[in-house]
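Take a look at this one chain, the form predicted on its own, written out in structure tokens.
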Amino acid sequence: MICRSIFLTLFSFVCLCATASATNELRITLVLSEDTPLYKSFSESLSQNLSNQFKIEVLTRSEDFRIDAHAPDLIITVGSKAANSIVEKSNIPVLATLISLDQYTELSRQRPHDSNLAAIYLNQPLGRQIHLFRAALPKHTKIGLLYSSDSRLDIRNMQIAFAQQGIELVAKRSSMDSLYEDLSSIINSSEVVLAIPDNKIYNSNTLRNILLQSYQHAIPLVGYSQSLVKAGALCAAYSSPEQIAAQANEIVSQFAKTRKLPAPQYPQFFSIAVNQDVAKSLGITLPSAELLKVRIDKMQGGRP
């Protein structure tokens, strides 16, 4: 009995050491799409908060990634360019960050049914968007939405979810050829426009004109990023690079224990941005970002 007890103790110790060793040996390569302040903020936040037991290499260009004998256990990509490049090159587990739901859907086609591909979306969950409207614009009951043919949004489900809160969602599929005509149609039939991370609709070539056209018709635009609010959108729920990095950190810690990635997920942590100058010029009384965040948290039942 004593020998058996000693054997079991030694066996448990060996298993514990093996597990610890596997965790300690976790090698991570962080690949940025570009060497920009946005991506560097994510990189610095993640690197500073990851456990010292993880070995992390940072590449500021996806072109620099090479598969060799010292391949990492996990690759974290930042931005769509890096994600597309890495998924094409290797079958190593990938956590894609700072990409939209549409970009992830396109990416997953390269790895169908692959559990080694996960993501944290840029898109905010639908419920959070609805709560933002209820908290910021409680008197507005008709929302316009433009989306492209590339969008993977479940429009019908969105319309049902908004309708349950007494809001009509007027959605229209558009393209570059008919963008401003479709925008006029949406503006004329809505009280507010909801912008989404759809690069075929909202990009550097179109944003200024979209904001100008909605502003000229006194129709507020609710955005999806802090930069869009600074450019002229009324408000937005968004997740900063640091907040996405905190969520990625949790996923990495879990991956170190299980060597499995979770299902793709929406941002857990978020902030609110408001443009009081736009609100004032449109005659809208808009609560502060801090108050909106408190109200939305309460609507979500205290969840982040």
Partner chain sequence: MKPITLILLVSLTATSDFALALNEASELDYYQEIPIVLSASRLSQPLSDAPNAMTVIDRKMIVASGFRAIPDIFKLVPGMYVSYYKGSQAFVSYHGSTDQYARRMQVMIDGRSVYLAPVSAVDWANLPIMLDDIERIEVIRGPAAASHGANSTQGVISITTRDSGSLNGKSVSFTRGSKGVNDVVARFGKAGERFDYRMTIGYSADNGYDDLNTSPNGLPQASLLLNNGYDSNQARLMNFRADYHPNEVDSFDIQFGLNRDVQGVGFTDKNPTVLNPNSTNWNVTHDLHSESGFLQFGWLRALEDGAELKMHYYHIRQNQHEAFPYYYNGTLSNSLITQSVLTSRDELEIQHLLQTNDNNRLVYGAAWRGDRTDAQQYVDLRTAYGVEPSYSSTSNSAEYRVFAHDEWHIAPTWILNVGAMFEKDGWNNSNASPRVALNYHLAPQHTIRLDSSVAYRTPALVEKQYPEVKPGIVYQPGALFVPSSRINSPSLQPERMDSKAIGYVAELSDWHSTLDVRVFNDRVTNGIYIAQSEIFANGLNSNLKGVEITLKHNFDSDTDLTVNFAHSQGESNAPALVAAGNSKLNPADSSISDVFTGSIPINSGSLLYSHRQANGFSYSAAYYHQDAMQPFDRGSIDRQPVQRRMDARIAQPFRGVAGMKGEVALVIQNLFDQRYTEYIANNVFDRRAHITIRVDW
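Residue numbers count along the first chain shown, from 1. From a predicted model like this one, the values you see are computed outputs, not experimental measurements. By rigid core we mean the largest C-alpha set that fits within 1.5 Å across both forms.
Omitted here: the form predicted together with the partner chain. The next part is about that form.
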Report summary line: In contact with the partner chain in the model of the complex (heavy atoms, 4.5 Å), from 44-52, 252-260, 57-65, 275-283, is stretch 275-283
Query raised in the report: Among the candidate residues 110, 165, 91, 199, which is the single one with a non-hydrogen atom no more than 4.5 Å from the partner chain in the model of the complex?
Result: 199
Report summary line: in the model of the complex, the residue from 122, 87, 146, 95 with a non-hydrogen atom within 4.5 Å of the partner chain is 122
Query raised in the report: Within 4.5 Å of the partner chain in the model of the complex, do 211, 225 and 232 each have at least one heavy atom?
Result: yes
Query raised in the report: How about residue 100: is it within 4.5 Å of the partner chain in the model of the complex, going by heavy atoms?
Result: yes
Query - 4.5 angstroms heavy atom contact with the partner chain in the model of the complex for residue 248 - result: no
Query raised in the report: Just to confirm, residue 133 within 4.5 Å of the partner chain in the model of the complex by heavy atoms?
Result: no
Report task. Verify the contact flag for residue 173: yes if a non-hydrogen atom of it lies within 4.5 Å of a non-hydrogen atom of the partner chain in the model of the complex, no if not. Result -> no
Report summary line: Looking in the model of the complex, the residues of 169-192 with a heavy atom no more than 4.5 Å from the partner chain, listed in order, are 180, 181, 188, 191
**Report entry** Core-aligned C-alpha movement of residue 160 between this form and the one not shown, 2 Å or more
**Finding:** no
Requested in this report: Compare the position of the CA of residue 93 between this form and the one not shown after a rigid core fit and state whether the shift reaches 2 Å.
Outcome: no
